[in-house]
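In the form predicted on its own, a lone chain appears below as structure tokens.
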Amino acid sequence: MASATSVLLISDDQGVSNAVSLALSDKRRVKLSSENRSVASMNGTAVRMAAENDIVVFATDPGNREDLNAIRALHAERGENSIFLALTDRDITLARARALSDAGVDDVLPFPVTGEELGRQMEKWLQKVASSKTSGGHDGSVIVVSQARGGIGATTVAVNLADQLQARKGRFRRGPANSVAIVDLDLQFGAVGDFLDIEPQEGLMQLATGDVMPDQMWVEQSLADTPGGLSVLAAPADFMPLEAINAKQIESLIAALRATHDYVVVDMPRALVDWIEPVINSADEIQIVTDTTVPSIRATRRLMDFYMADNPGLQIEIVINHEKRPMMQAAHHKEAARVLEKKFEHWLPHDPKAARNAVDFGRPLSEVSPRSDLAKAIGLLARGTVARLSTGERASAS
């Protein structure tokens, strides 16, 4: 049996202490200890104590230079798998959230908040620690691919990103270096299975029609494998109500996939249903696929605001599809970047012939059109994704 998850709270604010205690009161196998001091006043003994805990929670003001310096000192001594969570003002700006991330914080949690809401926010990190302990340390990354509008090509991006994340090596590129799963959560109109020539699967329909809580065994039995090595959980063949699956089932599904794969790519539906919350909470990165038209940029801004409402430190990358990276960005590019508070670093050229060939053959671009500009651009996106998730780098504002 895995050991209890140790949580250290650093705060001299009784309100913070009460909220964290309430948030963890109904969590099983959690051991909470406290340091009644501000993060800036941590001494050497307390810093070493922080390094010994699985999760360290502290209240902080990201505008306070002393707090940031103290967090950097904690980060320098942290344990290999420890997690740092910062409680800070609900209206924190993106710039200040990034400052905390750069200092070593893994997630920024809004405060003040009820104990129940804080408990939901912390649940993903508790599960992450528990999953790591029970799976021999395996703890894969979750990449969510979302669409700003219908027809923008998000499934093409998700399928080929998952393929490229395998990072095949060797002269003949045989044998994936990474284990990768792709999950189609567009339950009604998902096309991941069609893109990879996978027969319709009934795994997700089983969740909808039965009282099933997916675990690692269920995942192993439900996934289909492509010749190229991808593990696929496709959308069902029959229509099903989006509300037929509940948040607990999705939470368990993502946890099981994370425990058995290096990377999990989730192709999201456009609809914002209740069970999206555990997907967002589990995400190590969200990639929003868009173009630079005014309606798409506005939709992207709304999506970003929705995703970050309870997760201000969430890592979001903007992927511009159907447009080659310009030598110099035009005025409308700069205005769009300003609206989104993001640099446009990921551009995928319009390459309908390569994309169509891949779909018609039911195979990834790397197998059908490996020398196409689109395949090369998605390969670059995949390598950048691996680098960001490896270093915890956050995208810069424009």
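Values in this document were obtained by computation on a predicted structure and should not be read as measured data. One rule holds for the numbers: they count along the sequence shown, beginning at 1.
Quick note: we don't show the form predicted together with a small molecule, though the next part is all about it.
Work out which of the listed stretches, 67 to 75, 148 to 156, 238 to 246, 257 to 265, brings a heavy atom within 4.5 angstroms of the small molecule in the predicted complex.
Of the options given, it is 148 to 156.
Could you spot which one of Val368, Val359, Val30, Met42 gets a heavy atom to within 4.5 Å of the small molecule in the predicted complex?
Only one option qualifies, and that one is Val359.
Can you work out which of Lys124, Arg96, Arg301, His322 has a heavy atom no more than 4.5 Å from the small molecule in the predicted complex?
None of the others qualify; the residue that does is His322.
In the predicted complex, does each residue in the set Phe195, Pro352 and Leu374 place a non-hydrogen atom within 4.5 angstroms of the small molecule?
Verified in the predicted complex; spot residues all in contact, yes.
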